[in-house]
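Only one chain comes next, encoded as structure tokens, the form predicted on its own.
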């Protein structure tokens, strides 16, 4: 065996890199010249965008999960372990029980995680659609909701930046369909001076909100939730009474990144925006939510980054310079109701412009939910 490539993280980015690399260099893998190992602490692979549909009773968890082993190319070794430290000097990873995994090249795709402890009272006082458990609980709460105010609070950074907008717009349609909309007040909040970080999306969403009587409050940075009184307080001094709180808390990087002594204050890894190498490291690539790049933390981002990482890995395995460059490309469908969707496509230099919502785009989104598994396997 000549080279060991270790991929840390069994989400969309890590799975795509491992599969695409194995498919791109089958002879080297078969002869043992390159050994590809994927390290994951999850036996199941989860398509996380499915949580949005679960919360609105448009899908079940079983639809959005597969065993990770079934997702992988035969040339990829899957090891289930909880990695507790990355030793960059020794070029090795250390598992929970002390198992050591040496590497020549390391790909970090450890994702990001909602921090429900970031605000006092948030964990016990709010619902969410960013975890499987949260989506199930929210589904039940929404099904039983007949009257009152739904408050949506958002902190940054968080994965899938369009998801809170999607939830808000879909909720409007959800309650209209049930003929309850005139009894349900929807209040969306956002921490900066517009309803989304990207201006063009904010302009589009604000127009949608106003046409549907969805209320919004900007400059709302949540600082405390009182679950007993059902009051949410913002840094700016606003106190909002609610009957049901849906919250998207700030996300942080994986624990192993913070415990290994690198990453920024939030646990995201300083990464070159084009080569996707960790800054100051020639043998470590980073992709997906684990990076600190100023681009959407989304599965689509990891998808396009995976292609670049694989090309650069192949070059380096062959002793060549890595010249493939990521241009910041992101493509996302944006659900605008229960049966219509828009989409956005952008990169580092070209801002998004939401497409006109249509039923056809909604069906494309639902179709992608099914063909995602081919993408993750590196077949699409």
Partner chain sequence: MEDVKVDKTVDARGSFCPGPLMELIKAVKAQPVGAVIEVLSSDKGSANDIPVWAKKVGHELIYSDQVGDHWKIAIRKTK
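These figures come from a predicted structure and were not determined experimentally. Numbering follows the first chain given and starts at 1.
Below, we refer to the form predicted in complex with the partner chain, which is not included among the displayed structures.
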Review point. Any chance 95, 123 and 254 all have a heavy atom within 4.5 Å of the partner chain in the predicted bound form?
Key: no
Practice item. Identify, from the list 241, 266, 206, 283, the residue with a heavy atom within 4.5 Å of the partner chain in the predicted bound form. Key: 266
Exercise for review: Could you work out which of 175, 262, 190, 103 is the residue within 4.5 angstroms of the partner chain in the predicted bound form, going by heavy atoms?
Suggested key: 190
Revision key, fill the gap. Among 293-301, 103-111, 142-150, 177-185, the stretch whose residues bring a heavy atom within 4.5 Å of the partner chain in the predicted bound form is 293-301
Check your understanding: Even though the partner chain is not shown here, does residue 346 get within 4.5 Å of it in the predicted bound form, heavy atoms only?
Key -> yes
Exercise for review: Considering only heavy atoms, tell me if residue 30 and the partner chain come within 4.5 Å of each other in the predicted bound form.
Suggested key: no
Review point. Taking heavy atoms and a 4.5 Å cut-off, does residue 161 contact the partner chain in the predicted bound form?
Key: yes
Check your understanding: Do residue 67 and the partner chain share at least one heavy atom pair within 4.5 Å in the predicted bound form?
Key -> no
Practice item. Can you tell me which bits of 178-212 touch the partner chain in the predicted bound form, meaning any heavy atom within 4.5 Å? Key: 190, 191, 192, 194, 196, 197, 198
